[in-house]
Every structure is written in C-alpha cells, then in structure tokens.
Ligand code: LLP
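Shown next as structure tokens: one chain only, the form predicted on its own.
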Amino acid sequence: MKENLKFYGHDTVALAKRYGTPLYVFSANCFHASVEAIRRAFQKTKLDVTIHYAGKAFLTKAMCKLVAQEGLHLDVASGGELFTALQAGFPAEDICFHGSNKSNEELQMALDHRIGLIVIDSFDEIDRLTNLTTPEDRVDILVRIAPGIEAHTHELIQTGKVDSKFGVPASMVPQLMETLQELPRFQLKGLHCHIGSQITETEGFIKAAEKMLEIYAWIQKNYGQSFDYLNLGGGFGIPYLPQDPCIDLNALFTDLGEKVRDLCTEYDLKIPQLMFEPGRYLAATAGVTLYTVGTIKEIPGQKTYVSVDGGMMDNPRPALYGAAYHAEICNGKDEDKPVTVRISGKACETDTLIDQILLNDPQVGDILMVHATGAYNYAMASNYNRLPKPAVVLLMDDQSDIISRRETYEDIVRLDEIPSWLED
C-alpha cells in the first residue's frame, strides 16, 4: 500500500486523526520559502522595498508572531485585525491601517497605539481623523488613490477602477491636496494604490506605477512636496490548479524597477521607498484544508457526489466568485482507481467546493486535502447552519500545534440572549 499523502513532511491522515476535521493546516516552512522568494524578486527592482503582509488573507496571534519573525511589516484592514496584532505584541510602528469605512473607534485605536501609517481612503475619513485629533498632533498618513486601472482578474476583485469604493479618484487629487494644506497635523508621507487580487499578468502593475508617479510629479510641481513612500499594493496571483499561470515576479520587478527609476529621473522626483502588500502570494500555498469524506452518492448516467464534512462555511470562495481548487485523497491505496466526481459540502445549499475532479478511489472515511487554502478561507469562514469553525494547526519542521482551537456547539450559542418576555 502506498504511503499517505504528506504536507511539508507531515502525514495528513495522522494530522486529521489527531486534530479532527475539517482542519486548516498552515506550514511555517512554506510561508518562509514564499517570503524568501518574494524578497529575491523584489531585489530585481534595485530599489528600497518594504514588504507589508496583508493580514486580511490570514491572521491569528500566532500568524502575527510569524510575520514579525520574518521581519515583515503588517497591513491591517479593520479594528479586529489591528486588535489581533496589538494583542500579539506586533510592533505598532510597523503596522499600516487600511479600510474604506474606518469607524471613529477604529481610528482612535490606531491613534492611541501610534501605529506607523494610516491610509486615508476618503474625504469623510479626513473629517473623522480631524475630529479625533488636535492641531498640535502629527499623524503620518498615506492616501489611497483609485488610479483607474482595470486589472486582468475577476470583476469582483478589481479594486483600482475609477468607480471603485476604495480610494480617492485620481481626478480628485487637486481637491484632496487643497484639503490637506489646511490640515498640517496630517503628514502626507506618500501615495497608495491597489488594483485588484489574483493578478497573473504584469501589465496592470506597470500602468499603476506610471499613473501614481504621474500624480506624484503633479503634486511636487504644484505643492513642492516629495514623498517617502509609494505603496503599489498586492494582488500577485498564484496557481490554484496545476495548469494555472503564476505571475512572473522576477520579470515584473525587473521592469517595474526600471520604470520607476526612469520616470523619477524624467519628473525629477526623489525615488520613494516602494511598498508592496502580498497576502495571498505568501499565505495561500502555505495552507491546506483536510476533510473527512462522508456520503458518496452516485446518480446513474449523471455524476457522483463526494460529500465532505465542511463546505462553504470554511471556504466560501467557490460560491462567491467561482474560485477553483485542486484536491487529493490523502489515504494510501493499493492501486490507482481514478473516478470523476463532484466535491460537495454539507451546507444546506448547493455548496459545490469542486465542480469536477479526478479522485483516486474515494471511500467513506477517507481524508481529502484541498490545496492552496491558506488565504481567504479561515479569514472568511462563517457559522452558516450553526456549524462550528474548524481548528487551525501550524506546522514547523517536525512540530505541529493548534493556533486557533476548534469551535464547539457551546461557542455557537455563547453570545445568544433570550429576552425576559420569552422566558417560561
């Protein structure tokens, strides 16, 4: 009999038996390798570059520790993500706070803890921050610009279009600068943009850099201001299926570095430190999800359904925008018996995780591993059908341990309240 499938040296069937399923598994070794790969690619720019891990992809207190150990900065997009980072002891000065509708409470938390940068997303946010500060305060900010670049990716994850909910439209930069001139408490350290997610072509990033440097040049010409930072966001695509393309970061950053240097020379600009915010690129392939196969239902002349003990509750991406995944049976088999099946979740919905895939002789009780679930799976998980969220296990070398415990039914009802007038 063949050996069970391994993930970074760990027997996946043994992990499932020890920790239960559904189970998120995250490899620190894979995360480290991805960080090193992206660092090597960034060196192609021959410029000063800072990596900000995008916490929205996957964040726990242990993940914050891992990010800090790698020497990365952290991008957060909510009060919850910021609180998680602060609770983990992440250096506040290395945190950059995003979000298109930050509340007063979230902004106050950022101010109280003196985080490194707040990314202004709207004129309303300037008003909120003004009301929370005094003329004597000094707050370092970036401004997020919607550059009008339509990245080649799914429509629902394009974020740099003119009509995006994110950022200040490029056409409103003059109004923005006039507003900030009246508010010297805000130290404008640079510009930010993010054109989308899961992008595998380089053209959009080059166009975004061109547009942002054009805006930078206009600001310097009209206001005499140079910038320390230019944040070009993230969105670097990864292969979810074996045949999928992957963005060529070496080519991208060679071209990007040349473009930035040429345009800064042409516009007579100080070359800013470049910031990038990879989340998916660093986390996705470092994580997998383990399920136990339950009901197998063969419909003659139609298809075979293989149902697992999770679904859209722990991975909503297929239901949200048709995201595709690769999966394998983890159990060692005497021989290969490939069967074409549909993998379904247990939610009371259609809940298709994978529409069609070849699996090796799936049997009730087998363990199924879905690849590349390290980003936007745990982060987007829900309690639909009042199902508890899975545990998360971190692997490092030959060690494994829980970094987020499995919810219980007691956790599901923990916040429930019954009004007195419903009591017996």
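The model shown is predicted, which means the values in this text are computed figures rather than measured ones. Just count from 1 along the sequence shown to find any residue number.
Note that the form predicted in complex with the ligand isn't included here; everything after this is about it.
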* in the predicted bound form, N331 touching the ligand (heavy atom, 4.5 Å) -> no
* To do: May I ask you to state whether K189 is within 4.5 Å of the ligand in the predicted bound form, using heavy atom distances?
  => no
* Asked: Are any of the heavy atoms in V370 no more than 4.5 Å from a heavy atom of the ligand in the predicted bound form?
  -> no
* To do: Using the partner position in the predicted bound form, report whether M380 sits within 4.5 Å of the ligand, counting heavy atoms only.
  => yes
* To do: Could you spot which one of Q198, S344, T202, T292 gets a heavy atom to within 4.5 Å of the ligand in the predicted bound form?
  => Q198
* Structure fact -> In this chain shown alone, the residue from G287, G279, G310, G167 with a heavy atom within 4.5 Å of the ligand in the predicted bound form is G279
* Structure fact -> Of 227-235, 255-263, 350-358, 179-187, the segment with heavy atoms within 4.5 Å of the ligand in the predicted bound form is residues 227-235
* **Contacts with the ligand in the predicted bound form - residues in 33-60 whose heavy atoms fall within 4.5 Å** => A54, K56
